[in-house]
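Form predicted on its own, single chain, as structure tokens, below.
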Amino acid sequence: MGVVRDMELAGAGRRKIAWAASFMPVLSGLREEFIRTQPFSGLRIALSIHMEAKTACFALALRSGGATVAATGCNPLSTQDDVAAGLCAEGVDVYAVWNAAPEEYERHLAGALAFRPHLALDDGGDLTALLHGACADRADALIGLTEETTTGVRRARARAEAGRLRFPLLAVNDADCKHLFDNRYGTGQSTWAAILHTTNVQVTGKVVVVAGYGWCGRGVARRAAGLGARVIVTEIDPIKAIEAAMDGFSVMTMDEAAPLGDFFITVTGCHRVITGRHMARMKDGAILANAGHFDVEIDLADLAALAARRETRRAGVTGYFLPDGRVLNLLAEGRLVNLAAGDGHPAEIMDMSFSVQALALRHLARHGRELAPGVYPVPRAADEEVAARKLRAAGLSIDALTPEQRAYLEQF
């Protein structure tokens, strides 16, 4: 059964899950196929994932394919207790409680590994770290893992380069149907939905500073511009920086942007992107939000050291009052704002992301034992299948190469 806050919340959680499922036609189609083909028959799958309705739909699709599934949250502030209870009521072992303390969070991760999984899905790399550390004894049956975030893939590649990755890992984040849609459109929409819901302030005419111009940063910047903001991008990669400039955004250093911004949104996957040096130059009332996986991009220790006092100004907003009278507003305690202060990415976007995940896990179930430890791409066929299914679900069609065109291209 696992650990959830209150099973009395299961009814509300089931309603959320049913609502999300109605906007996930590709995953629903795969679930029907999995019921027939049973690709995970006899396998145990552990999931470390944001515990909300769309991910519950994904867990149930895997279970429909014959798997025994255990799920835990990958971020304590993104866990929705009603969804955790609803998924548990459907027969999935769930270890997730909203706002769990760090030691409790690690116990939940370990709980999801207690049945010694054959396959595992990670979001951010914490489960993978446990499988190489405190829970290494629970990895004796593990065939392989998948990782769905930029941060987690970076951690896995660093581990592989150091010769310390013990299992094959599929970099789902690098699949086109994941990062081109989930990261860009999902993060773009959900970040701003959470900020607007949390603050109820105007964006039009304001200056938004976006730290990082990867796929997530592109989405956040584009949505900010669509809301009528003037957008500044800060970057360390010259290629991404010139792309941001050609996309119509101002590009400068964080030192230059600090006194100009009304909103600061970090999406880099790195730590100490905004430090006390930058905070000391910010406007009164500036709003700081993190849309990266971990709460390390805004230096919370520096922010606390600068402040004479702090207080909750609104649900999800902590005001840091500086000695000179300015106040800096931190959203979601510096954690992942789009899930800590909202419902996360739209179901239609996650339909593609989780469908790629499902096919990646199916690939590992079939071929994982043939792979040496290392980081591998998701097969291109999985991307193409998900995109084709999504087009059909949307009632769209595309051209196909004629035999004559194919013969022409094959000359080169």
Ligand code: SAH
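All figures in this text were calculated on a predicted structure; none of them were measured in a lab. Numbers follow the displayed sequence, beginning with 1.
Keep in mind the form predicted together with the ligand is missing from the figure; the text below concerns it.
Put simply, residue 350 is close to the ligand in the model of the complex: some heavy atom of it is within 4.5 Å.
Residue 30 falls outside the set of residues with a heavy atom inside 4.5 Å of the ligand in the model of the complex.
A residue is said to contact a partner when one of its heavy atoms sits within 4.5 Å of a partner heavy atom; residue 339 meets this definition for the ligand in the model of the complex.
Contact check for residue 344: a heavy atom falls within 4.5 Å of the ligand in the model of the complex. Stretch 49-57 is the answer when you ask which of 49-57, 64-72, 34-42, 372-380 has residues with heavy atoms within 4.5 Å of the ligand in the model of the complex. Only one of 149, 198, 79, 128 comes within 4.5 Å of the ligand in the model of the complex through a heavy atom, and that residue is 149. Of the candidates 223, 118, 278, 293, 293 is the one whose heavy atoms come within 4.5 Å of the ligand in the model of the complex; the others do not.
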